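Quick setup: one chain, the form predicted on its own, written in structure tokens, and binding and motion questions come after.
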């Protein structure tokens, strides 16, 4: 179930927000600590959905700074007025002045909350056991993810509690709400229904969050379709850093829904790649996209490679085959397809690539296979030299970028990508009328490089089709089904706020 917290600062605004939230939420949390003088009678008399009454003190990340007896009185009043749930802090349950609240009776259920704003501790099962031994009805454990693998601790706890095993219970078993806070904890909010969390939380709108890392309820419903996630939902995702710019979740989740596939695609912001791959292997993730800066580093961590990926030495797609992680490269074929559709035969064409990372490696490899004359230019000259030696192509110093020649110039770096859109590695004087300039960045489509290239009379290619083609190949490798290309392109253009004639490629099934 989805809960939307109301963080308005007046009773009137809270009522308005609660009415709006009722269109999306299963449960609404009224954060009384945000309202200076809450009118509980009015708030509860007009509630459109079941209500959780919460008055979080500052010591637990809330805003209530008044006397404890006033806070307790507010919660007691909420129970008396018919609130379906009341949320109290774990360190308040044993307090003598909280006993009347716990003994109020009626229909209100008590949620006992544990919040950790510093870390996700290793002893979550012991914390759950202790909280279950309280008079509360529901246990809530919310921690902070400092590494993406911290989410695994929450998932394992939810699984253990759901199976009612390996938990040293002192009292009776109780339903559990659990997830991680922060950007690195967002995946636990989305996957909460898969692992049995009784609730997950989403904000009413950006700027109305009640905790760090809270996604909007609309995003959780419309992008990740959390109301359809269950224990059988397959997991896919993007490994990278950063990942916030990616449109992968929008297109892949839309494609899963279009074809009736019970799956969800998530952004995994990964810093320690080895730790992530080893940890999440036990989660049985069915497939990954791989982006900057992990396309080359992931190769030795996989169980096997497709022949093309092995030749290139870089991977942008991983498929879980019966527990074995197999690497593929769809960047090369996607980029070459876009180039050939626009430029035509690449044999003998002089192409200069800016960059020497995984994307440069894949595209340069493909160009060489097509008979192009390839030159690499990179800010770190030694990387360009090593890659050029491996692939059998040329390299030039970055300082010589203004003297590049040839018919095709390709930016394979992330420079110019959202949110730092007003930068380019190529000075305008290096751009000559008539040359093709291809920027693999797709967010935004019109990068500074392409804008300046157009102004200098160049013919330009944005990164949309390459992104679309490589994503479609990924989808087909994961699912064994043709990707809905027209849908995927429409979603990309809608998210970027652009119109276009489309790829001209029809859906294949």
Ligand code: ATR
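Positions refer to the first chain, counted from 1. The term rigid core refers to the maximal set of C-alpha atoms that superpose within 1.5 Å between the two forms. Computed from a predicted structure; not experimentally measured.
Absent from the display: the form predicted together with this ligand. The rest refers to it.
| With the partner absent here, would 351, 389 and 394 each sit within 4.5 Å of this ligand in the predicted complex, counting heavy atoms only? | None of them does, since no heavy atom lies within 4.5 Å of the partner.
| task | May I ask you to check whether residue 379 falls inside a 4.5 Å heavy atom distance of this ligand in the predicted complex? | result | Output for residue 379 is yes: heavy atoms within 4.5 Å of this ligand.
| 4.5 Å heavy atom contact, residue 318 and this ligand in the predicted complex | No, no contact at 4.5 Å.
| query | How about residue 264: is it within 4.5 Å of this ligand in the predicted complex, going by heavy atoms? | reply | Residue-level check for residue 264: no, no contact with this ligand.
| said: How about residue 412 - does it come within 4.5 Å of this ligand in the predicted complex, if we only consider non-hydrogen atoms? | reply: Yes.
| Heavy atom within 4.5 Å of this ligand in the predicted complex - the one residue of 355, 237, 185, 366 that qualifies | Spelling it out, the residue with a heavy atom inside the cut-off is 355.
| said: Which residue, 346, 308, 292, 404, is the contact with this ligand in the predicted complex, using a 4.5 Å heavy atom cutoff? | reply: The option sitting close enough to the partner is 292.
| field | Heavy atom contact within 4.5 Å of this ligand in the predicted complex, the stretch among 334-342, 274-282, 206-214, 413-421 | value | Flagged stretch: 413-421.
| said: Only counting heavy atoms and a 4.5 Å limit, does any residue of 424-450 reach this ligand in the predicted complex, and if so which ones? | reply: Going through 424-450 in order - heavy atoms within 4.5 Å of this ligand in the predicted complex - there is one hit, 425.
| field | Threshold 2 Å Cα movement between the shown form and the other one at residue 76, rigid core reference | value | False for residue 76: its C-alpha shift is below 2 Å.
| Taking the rigid core as the reference frame, is the Cα of residue 380 displaced by 2 Å or more between the shown form and the other one? | Yes; that C-alpha moves by at least 2 Å between the shown form and the other one.
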